[in-house]
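Before any questions on how it binds or moves, here is one chain, the form predicted alone, in structure tokens.
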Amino acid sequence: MAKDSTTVTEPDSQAPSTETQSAANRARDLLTPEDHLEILRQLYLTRYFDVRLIKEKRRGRLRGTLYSSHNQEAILVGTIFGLRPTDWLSPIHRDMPAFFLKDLKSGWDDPNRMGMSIQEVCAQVWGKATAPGRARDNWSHIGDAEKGIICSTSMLAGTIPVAAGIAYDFKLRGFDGVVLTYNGEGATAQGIFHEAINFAAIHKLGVITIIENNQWAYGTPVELECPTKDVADRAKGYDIPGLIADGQDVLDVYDKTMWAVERARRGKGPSLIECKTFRAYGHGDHDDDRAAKYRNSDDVDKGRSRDPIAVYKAELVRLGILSQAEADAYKPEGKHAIETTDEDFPPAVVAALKEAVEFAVNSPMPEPDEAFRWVFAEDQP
């Protein structure tokens, strides 16, 4: 487990300067070799979750729309890994792994950890009675207050006010917890985004807004979503830090996130972190064919050229944590989902997903009399 990140010292500047991001001050330098290997395992797990579901859909064992997180794994792992179990998350549709990545470092098989199990998340995807949503949705419209996860909604930016409300409760109770809320770059053009960030800034709430800038809001390119070069510039209007992270580098994402988190824990208020990445496929798998028409193939190849798993493994080899042979043992990076095989992933990752998928496939559908459950305000078992 990572050393206490509260030992990271940062000045009260609006954003980390070159000096504060030097090797002597970065949060990554508190990570142990075991932490690094766990981060790599989580990157593999996040990628394999995506790959396995795409293949299950092609086999006809899965219905509904899939929203791929392929090529964006470093954002999810890098933002979540350093959090405390009691911190809250507000994921969006492209963040399905976030539901089980939360507090995952406490133990993949720990039933008491503060995150959903991989089995629960797969059951949600298959729309089964064992899912948190109990077949009312087959994707991300789930949450768990006991686990510190805000229910996802299709209205991106709509959960930022909820995150601010939870952070306001933390402030009133004198609790130094933080809330991470995830949004695409297109969501920053919505009025509710600005209202919520404004409220959080005024009251100095511990809300960290993660912007997954994958260059496309459905079929709208980023230059038609935001008038400035960097989406992080939107933070200037609220006098809060606007950080930019390399969304393909899990350690850069981790450094920037932990800087913002520790600043928030000290009562300094919210931050916005723009993670620059690239959407590997269409908005959802229903959009893959259309995306091939509105996106240039050369731009797609360029956007996917820095695979986050490859970037991280190269750093682990440089640090001496992995040998080159160990780094080459499993190589899903640079491949499309349908090109990968189970041999591209560590056996423990494959086994964990296989168990979760079979749990979901073999789980029952809810009974018909559940149709009115959670509809009316009445006691329910």
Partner chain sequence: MSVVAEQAAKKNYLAGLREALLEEMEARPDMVCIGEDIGLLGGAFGVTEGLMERYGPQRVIDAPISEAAIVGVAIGLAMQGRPVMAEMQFIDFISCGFDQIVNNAATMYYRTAGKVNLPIVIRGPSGGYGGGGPYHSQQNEAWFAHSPGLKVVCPSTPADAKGLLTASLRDPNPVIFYEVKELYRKRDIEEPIPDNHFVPLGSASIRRPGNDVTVVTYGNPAYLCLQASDELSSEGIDVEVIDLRTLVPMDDETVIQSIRKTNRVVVVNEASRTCGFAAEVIARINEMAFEYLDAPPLRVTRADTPVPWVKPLETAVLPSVESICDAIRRVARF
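Residue numbers count along the first chain shown, from 1. Computed from a predicted model, the values in this text were never measured in an experiment.
What follows is about the form predicted together with its partner chain, which we do not show.
For the three marked residues, 153, 165 and 192, a heavy atom of each sits within 4.5 Å of its partner chain in the predicted complex.
When you look in the predicted complex, the only residue of 126, 81, 170, 216 with a non-hydrogen atom within 4.5 Å of its partner chain is 170. Between its partner chain and the residues 92, 116, 77, 196, the one pair within 4.5 Å by heavy atoms in the predicted complex involves 196.
None of 226-234, 298-306, 127-135, 270-278 except one has non-hydrogen atoms within 4.5 angstroms of its partner chain in the predicted complex; the exception is 127-135. Contact annotation: residue 203 falls within 4.5 Å of its partner chain in the predicted complex, judged by heavy atom distances. In the predicted complex, its partner chain sits within 4.5 Å of a heavy atom of residue 88. Looking at residue 282, you'd find every heavy atom of it more than 4.5 angstroms from its partner chain in the predicted complex. Contact annotation: residue 177 falls outside 4.5 Å of its partner chain in the predicted complex, judged by heavy atom distances.
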